[in-house]
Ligand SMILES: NC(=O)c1ccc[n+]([C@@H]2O[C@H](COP(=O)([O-])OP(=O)(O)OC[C@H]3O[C@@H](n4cnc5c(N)ncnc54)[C@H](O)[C@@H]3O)[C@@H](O)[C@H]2O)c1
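First comes one chain, alone, set out as structure tokens in the form predicted alone.
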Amino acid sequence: MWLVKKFFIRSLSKFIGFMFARVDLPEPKLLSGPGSLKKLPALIQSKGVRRVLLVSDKGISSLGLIDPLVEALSKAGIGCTIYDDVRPNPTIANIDSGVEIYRANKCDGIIAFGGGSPMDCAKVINARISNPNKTVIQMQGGMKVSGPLSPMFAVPTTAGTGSECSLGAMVSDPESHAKFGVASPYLVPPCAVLDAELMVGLPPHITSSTGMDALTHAVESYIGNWASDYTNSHAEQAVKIILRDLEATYHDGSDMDRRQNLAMASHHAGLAFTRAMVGYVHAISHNLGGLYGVPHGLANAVILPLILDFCRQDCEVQLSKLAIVGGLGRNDESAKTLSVRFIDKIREMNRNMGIPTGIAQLQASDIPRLARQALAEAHPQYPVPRLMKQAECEDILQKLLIIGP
């Protein structure tokens, strides 16, 4: 029975990959470098936008990060309505509220300002505005969003999600405790700002979890069956930077050059996984986020080494190449040695940055359900190097349990 199911999953995944490779995915116009946010009002003006909805969250707005931009927009004659009620895992209600505020204030453009949650929320708000007859639930999955959409400008304040260049957004449904994706080329923001000045004050734990999120994007895109020369090139650049600069930035967040490097690493990883997709790390992480609200980057960091252990022999060559790219070994060493060393490096980075080895919220009774949901998400749309059975997924989740006082 498993052989039949495996054949079906692989065949369908290959077909999806074949079709997806023929989709023309845009890349955002970049304003990059410390202080580049100051150039955004002029760019918005050039697009003919007169009033924007600025989508963020309370954490960002309470720090005053959006204040200089709001002032600069006002000086440029651009109206700005702030919507900062986005939750850590944006909900359908979050999105619908944003749509109402956009319409009530007669906005004609959107700024997504923050981490992955404001980015995802803003993308789906934009999709709903241009597709008023579709609910968020009806947009679930791929290619159900019609365009063109309103002009959108992405301003990430963390170096991790790569959402400023991805075609997808994740939405939480509080009623079902599920998390689902909306994907379309129209969701790729046309313009993005990568400004290290917005990231220099990030707390160490946010720096580490978002950086490991970007690393997960790069690694899963690299070892998957949809990888290409284009995606591999971007993934390698991301891995090289993250292995070199993330721990140092965790310990000293004031280094502007390293902050800018990590912002670019996140962008490279975003370009890679948007085209080559992700894998079981994300499938499990999304469902932990949907059920317990576990931060996405943290979950990815914890799960990544376990998934690489599971599939190492099936992607040994790719992992050995990443080890060399990351400065962990030489070409004359065996693929097995290098692949194991790469996984060991990830565990070492997690340990050095205070990332736990398990998920505190995870309950043993939820494991069968979480495994089913994760595999349903992954099969067949994630081109993983090794297919996982229900029992194997449950075993990995068991390893994430934290037992003790």
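As the structure is a prediction and not an experimental result, all values here were calculated from the model. Numbers follow the displayed sequence, beginning with 1.
Beyond what is shown, the protein has a form predicted together with the ligand; the following relates to that form.
Chemist: Just to confirm the contact call: exactly one of 127-135, 312-320, 154-162, 97-105 touches the ligand in the predicted bound form at a 4.5 Å heavy atom cutoff, so which is it?
Modeler: It is 154-162 that comes within 4.5 Å of the partner.
Chemist: Select from the listed residues M277, V239, L288, A169 the one whose heavy atoms reach within 4.5 Å of the ligand in the predicted bound form.
Modeler: Flagged contact: A169.
Chemist: Might D120 be said to contact the ligand in the predicted bound form, defining contact as any heavy atom within 4.5 Å?
Modeler: Close contact exists here: in the predicted bound form, D120 approaches the ligand to within 4.5 Å, heavy atoms only.
Chemist: So in the predicted bound form, does any heavy atom of S184 sit within 4.5 Å of the ligand?
Modeler: No, S184 sits far enough from the ligand in the predicted bound form that none of its heavy atoms falls within 4.5 Å.
Chemist: How about E377: is it within 4.5 Å of the ligand in the predicted bound form, going by heavy atoms?
Modeler: Contact with the ligand, no.
Chemist: In the predicted bound form, does P34 have a heavy atom within 4.5 Å of the ligand?
Modeler: Residue-level check for P34: no, no contact with the ligand.
Chemist: Taking D57, P88 and H296 as the candidate spot, are all three within 4.5 angstroms of the ligand in the predicted bound form by heavy atoms?
Modeler: The answer is yes; D57, P88 and H296 each reach the ligand.
Chemist: Who in 210-234 is close to the ligand in the predicted bound form, meaning a heavy atom within 4.5 Å?
Modeler: T210, D213, H217, in sequence order.
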